[in-house]
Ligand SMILES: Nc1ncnc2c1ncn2[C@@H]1O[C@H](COP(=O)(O)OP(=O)(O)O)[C@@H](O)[C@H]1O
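Below you will find one chain, with nothing else, as structure tokens; this is the form predicted alone, and questions on how it binds or moves follow later.
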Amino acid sequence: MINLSAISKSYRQGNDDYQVLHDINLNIQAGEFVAIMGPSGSGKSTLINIIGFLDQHFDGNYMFNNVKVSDLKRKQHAQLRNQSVGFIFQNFKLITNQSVGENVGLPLLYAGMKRRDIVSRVTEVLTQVGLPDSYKKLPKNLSGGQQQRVAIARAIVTAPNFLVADEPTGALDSATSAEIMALFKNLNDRGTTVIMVTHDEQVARQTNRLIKILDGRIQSDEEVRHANT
């Protein structure tokens, strides 16, 4: 599904070039549950921005489902992003004055779906993430873990090809973090591809594949073995 070949990325600062990624080669298949781990400044956020079609300016070749991403025009690139990837962030990024249902249904509204169909789909997805009675609630009246579940529901409501989760447990306590990780595992077991950025090795080792990045280079790429497997 995702094939990165010799991906490099640099920024211009004054008269100097700052190299963020160096010759990244990476393949991610549909159905994988992948953690990308590294310290601040390692390049993991830049890498995930490229994978998630947020950054179109890089050197190298990105093939997504046999489509060369760099060949796409701006509108095509935006369309690919909107249809193919769901984003989940550490700080939830919910609209506080809109209900849970309105937050989750927003991507469907942008896609032109009819309102009655939106209500049906949002209700289905909220049930899937364990919030069946939260449609009319406001995000501010929910716990942090519940708000992250809403964010996950919003990310999966369009049935994207893959999810990008950027430090999704970073703002949560350990018990709530475990609940959210269990939800990601359940989604993955049902076929959702999940790519998770984290700095927490305990979280990373709950996935099935761990990629470590340092100074813009992949240091290791290993299968995660679990005690019950």
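Note that the coordinates shown come from a computational prediction; the quantities given were computed from them, not determined experimentally. Sequential numbering from 1, following the sequence displayed.
One more form of this protein exists, namely the form predicted in complex with this ligand; it is left out here, but the text below deals with it.
- Query: Counting only non-hydrogen atoms, which stretch in 156-164, 179-187, 56-64, 34-42 is within 4.5 Å of this ligand in the model of the complex?
  - Reply: That would be 34-42.
Does this ligand, in the model of the complex, lie within 4.5 angstroms of each residue among 98, 135 and 138, using heavy atoms as the measure? Answer is no for this spot.
Note to self: Check residue 20 for me: does it contact this ligand in the model of the complex (non-hydrogen atoms, 4.5 angstroms)?
What the structure shows: Residue-level check for residue 20: yes, a contact with this ligand.
Worksheet item: Does at least one non-hydrogen atom of residue 193 fall within 4.5 angstroms of this ligand in the model of the complex?
Response: Residue 193 lies outside the contact set for this ligand.
Looking at the partner-bound form in the model of the complex, is residue 198 within 4.5 Å of this ligand by any heavy atom?
No.
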